[in-house]
Ligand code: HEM
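As a starting point, one isolated chain is supplied in structure tokens, in the form predicted alone.
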Amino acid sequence: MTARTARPLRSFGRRWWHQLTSMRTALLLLLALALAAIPGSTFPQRSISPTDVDAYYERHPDLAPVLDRLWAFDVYTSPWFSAIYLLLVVSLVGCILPRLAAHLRALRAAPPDAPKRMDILPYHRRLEVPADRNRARAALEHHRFRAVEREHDDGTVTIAAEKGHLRESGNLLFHASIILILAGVAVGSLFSWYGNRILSEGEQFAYCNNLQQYDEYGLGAYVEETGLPRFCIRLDDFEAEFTDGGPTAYDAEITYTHQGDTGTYDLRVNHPLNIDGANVFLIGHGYTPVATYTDRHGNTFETHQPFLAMDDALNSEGAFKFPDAGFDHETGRVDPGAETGFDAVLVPTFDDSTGMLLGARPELGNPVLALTAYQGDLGMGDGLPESVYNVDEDQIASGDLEKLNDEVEVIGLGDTMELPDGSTLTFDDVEQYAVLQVRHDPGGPIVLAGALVLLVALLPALIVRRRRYWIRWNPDGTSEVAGLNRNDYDGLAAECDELTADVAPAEPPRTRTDSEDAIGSTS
């Protein structure tokens, strides 16, 4: 490349670099980032809930593939969002570094000398009484001004003072905190992971930390499934306290095992357990009905099925499914169409005096199950995923499942529902479960540090004002002072008047006469 060709390229690059690192561009990129994040809250995201994305595909089979090609379901890892993010970081860094260098030079440099014509400055006073140099330096030091005294060849003496550099320090720290927050968010997006788990009471429901054990999970772009820490958790006991307004306290007693060590922990809301860098949070609560199904051949199946809350009163919905029912021990065969399922609603506190099925209180008072029974083919043998919280509606619509009761049957604790073929379902018990979230977010401390730095930086950036103050002793014996504000500051005149009053009194000290001295000596 010749020098003739390189010169226009350097000029072009320099011009665009100045445009990119200007504060106006940084503000525009910040606005663009906020707008680019809108699709992330409008459309379901794979990193948060893949099942919601699949449901969106089912609802919008034509639109969803187009949105997917535009990264609408992976907004925060999309090329266009990442490009805006990186440009914003580069713009902020390029904006801060030159200002930081200039600020450091200003901190090391002495305050500039007084201008030749001090009377053109916003504040200017000629002193009736010449200021004392020692008194002036002491007054400036008392007001925390940084001052430098200079003597000139013509006999003029000046003191230049300034303060308020903390304002620019706050501005730079504020912008640096934004970069720190952006870096923390980026680290969290790339290296964080989480998993949600409904954990019922008992040894048989204990689980270990791997993705197959979670009801819902999300991994950062650079997180490998095999890199998750190895530990196991068991829920020993759960207690919830309620008032008329809802829950007031959740308390879960858990046992955890990590690297061969076993410990217990009292897990509460906002009181997480930390295991090998991962935090275990208690984020919810619900009920697990226990039921026993006995088919017409005498085979019994006990199930502990967590139900999902429908409202604040913890009226919950779920399903009992028994795909292995119908085995005849005499013939060794399974009856076709004997698979049985129940759509159910659990009411924690049923009040039969109201005529309403759903209760109004979340605590266990008079629990009942409202059941709808089906028999036939549950559709669980085709290998396709399906919800564990309801019987497959497609199987019902196709006629593969037959509804056995026209009206919902309500049974209480200990009661039994009998089906037409002689099989029964008994409502045995209600257990409680805790909703746990296990999360590792290395970007969280970085974001927190950035937020704290931002708050600290705002105070000097908004409150401190940059100003300068000069005192001059002229060769003719007169003195004058002047002040200059480097930022919009309405209180400059009042502050300079106060400073001038400390530098030089308005009236000279009165000389005592001989008679006054005589009177003073006799007294």
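As the structure is a prediction and not an experimental result, all values here were calculated from the model. For clarity, a rigid core is taken as the largest C-alpha set superposing within 1.5 Å between two forms. Numbering starts at 1 and follows the sequence shown.
We do not show the form predicted in complex with this ligand, though everything after this point is about it.
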property: Region of this chain that lies against this ligand in the predicted complex, out of 40 to 48, 472 to 480, 26 to 34, 53 to 61 [heavy atom, 4.5 Å]; result: 26 to 34
property: Residue contact check: H440 to this ligand in the predicted complex, 4.5 Å heavy atom; result: no
property: A461 within 4.5 Å of this ligand in the predicted complex, heavy atoms; result: yes
property: Interface membership of N171, this ligand in the predicted complex, 4.5 Å heavy atom rule; result: yes
property: Contact of V368 with this ligand in the predicted complex (heavy atom, 4.5 Å); result: no
property: Check all three, H304, A319 and T426, heavy atom within 4.5 Å of this ligand in the predicted complex; result: no
property: Position in contact with this ligand when the complex is considered in the predicted complex, options A114, A147, I178, A72, heavy atoms within 4.5 Å; result: I178
property: Contact residue in the predicted complex, from V345, L92, M417, A131 (heavy atom within 4.5 Å of this ligand); result: L92
property: Rigid core superposed: D488 CA moves 2 Å or more between the shown form and the other one; result: yes
property: Rigid core superposed: W193 CA moves 2 Å or more between the shown form and the other one; result: no
property: Cα displacement of F320 between the shown form and the other one reaching 2 Å, rigid core superposed; result: no
